[in-house]
Every structure is written in structure tokens, then in C-alpha cells.
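The chain below stands alone and is given in C-alpha cells; this is the form predicted alone.
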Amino acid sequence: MVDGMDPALALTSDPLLADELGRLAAAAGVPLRLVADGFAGGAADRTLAAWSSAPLVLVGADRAAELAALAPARRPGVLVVCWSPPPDGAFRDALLLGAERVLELPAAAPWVTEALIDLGEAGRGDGALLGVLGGSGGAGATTLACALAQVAAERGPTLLVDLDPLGPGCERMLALDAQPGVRWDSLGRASGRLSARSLREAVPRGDGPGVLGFTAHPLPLEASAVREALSAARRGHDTVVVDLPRAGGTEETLARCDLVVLVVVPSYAGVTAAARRLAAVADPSRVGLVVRGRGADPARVADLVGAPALAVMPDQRGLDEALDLGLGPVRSRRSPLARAARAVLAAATDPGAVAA
């Protein structure tokens, strides 16, 4: 059991359902408080008090209508649970309670277990989600994404998510490609809820960030799997950095990002391509630029592209050698990439930093 954790609440008079929920809670290492009696008299007040304070409420379909009649305050973390097939009115009662969904056992047992496991993450809040996008081919977006993840990992749990199957590979840049762990081939077509703790512990991870990447033969990703993986990543990490492909299926992920970093090569072709890429973003107000190389005026590049410049990313001496040695792009806290990454991370926590 997790020390100091408030128990989850189970409301059911079905002894078989109560036993199953108790078994799932024990497997998750989470305390569970069972309320099997009716809601008459003072029991209603006690139940409503428990309803408000419990981190997760599992309502048996056998008690859902009775509970809905008490009109409890709407709150997150309410699930209606029943044996399959669900009884008549189960979905109506779930709607009245404001439940997130109806879970049918035994098929939904893993989903219930993962929801219980994630109670250990309660109170931490969602981590920041940063997307990194190349304004043109070869701009260095993957290099910057890896640098951001390395620097962020010095401050707290960090996950680097590779969504570019045709890129150089985040795992390769951080020398994690030979490490065991979960990759997109295991999650790319998965359905259902993904545990934050399970994801954090399953991905390849060295001394720095974890990486969710591709195998040597990438498979197409389902949008629902990406959505759930990013949700679990944010619940289990302080910072999530996403290496985005330049085109194809990125709109939903871009919309979820707290900050989108567009890496710009300060040439005529690079600036033009970056401006076109920015125009395709639904909400450009959350996009900031990182200007690649030296010699260009960041303010001038920002005017031409149409987004504020957050940092300059100078070419770093010995970068290729560092990557070949598996050291990652950030070799020291004083390196150009480390300085650029810190500037971007600072902008991610400053709501006024990205403002045209």
C-alpha cells in the first residue's frame, strides 16, 4: 500500500463486484473503502462526504441510480463499474453522476487497475508539454528536442516522445536504442487507459530522460494511442518533450502543447519554409522560434516568420562526436545547446514569453 494515501471509494451492494474491486485495489497497492449499505438517514451524509474527499470513486451500477438521486456534486475521477453486459439504465445513471465512463468487468479489469495505480500520481498535476518542430528539413529539431529533454531531466522526471518515424531517432541520439523497454510498436495501436507509472517505468531510460521511440521498422501510429500516451506521460513526468514530424497527423498534438518550438534556419529558404509551417498551425500564439546558427538577427527572423524568438541555437563544436559516443547533444551546462534549452524551458513557464 502507498503510505498516506486516502483510500479510493467503492459503492456497491453486489458482493461479487465488491470482492473483484477489492482484488484489483490490492493488486494496485491502493487502499479501498467499501460502502455496501444504503443511503438512508445519516448514511447519505457520510457517503456524500466520502464522495467529495476520495481520490477515485467506483460506483457499482447496482447503486448508481440511488446515488444519483442524492444529486452529489460533480467531480472528476468517478467511474461506474458493472459486470458485462451492463444493466438497463447504467449509462443514463453514469451521465447523471457525471461519471467519466462505464466499465464492464471482467474485460475492463486492467483499466480499473491502471486507474487505481495512477492514484499514486495524485496531486502532482500534469507536466508541461513542449513540441519541437523543424521549420525546414535539417533544421535540427531532433537535436534541440534531445537537448531540451536532457536539461529538463536535471530538474525533474522528463520524457522525450519521438513522433517522427523518419527522423534520426531520439533513442539513437541519447544512446538508448540498445536499452530494453517499451516502444511505439507496443503502444502504437493500443486502446484504453495507460498508467502514468507503468509508462514511466517501462520506457528506455538512462541517467537522464526516458524516451518513447520507434523500433528499426516503425509502424503507423493510431491517433488514440498517441493521445493516451501523451496523457499518461504528462501525469507521470514534470516535462514532456515531443519531437514532431514536419508534416502529417500533428494537428491534435500541436493543439495539446503548452509551447511549440519552431527551429528556423536563417536563410531565405529556411525562413520561407518556417513561415509556411507556422501558417499551418491552428494556434500560432503558442509558437516560439529558435534560430539555428550564428550571424542572423533573431528579431529580424522573428518579424519575417511571424513568431517571437525564444533563443539562438549556435552550431556546437564536437556535436557529431558527442552523438557518436552516446553522450547526447548536451555535454556540459555551459554548452550552446544547454543555454538554448534553458532559455526555451524558461519561456515555457512564462505565459508572457510567447506573445507576438
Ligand SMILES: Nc1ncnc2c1ncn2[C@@H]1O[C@H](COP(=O)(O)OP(=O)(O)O)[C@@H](O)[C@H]1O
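Note that residue numbering follows the sequence shown and begins at 1. What you see is a predicted model, and the numbers here were worked out from it, not measured in a lab.
Below, we refer to the form predicted together with the named molecule, which is not included among the displayed structures.
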Interface stretch in the predicted complex with the named molecule - options 178 to 186, 83 to 91, 102 to 110, 138 to 146, non-hydrogen atom within 4.5 Å: 138 to 146
Residue among Val35, Leu32, Ala68, Leu319 with a heavy atom within 4.5 Å of the named molecule in the predicted complex: Leu319
Proximity to the named molecule in the predicted complex, single hit among Leu337, Ala25, Val344, Ala10 (heavy atom within 4.5 Å): Leu337
Close approach of Pro168 to the named molecule in the predicted complex, 4.5 Å, heavy atom: yes
Contact label in the predicted complex: Asp324 to the named molecule, heavy atom within 4.5 Å: no
Heavy atom of Pro314 within 4.5 Å of the named molecule in the predicted complex: yes
Residues of 275 to 311 having any heavy atom within 4.5 Å of the named molecule in the predicted complex, listed in sequence order: Arg292
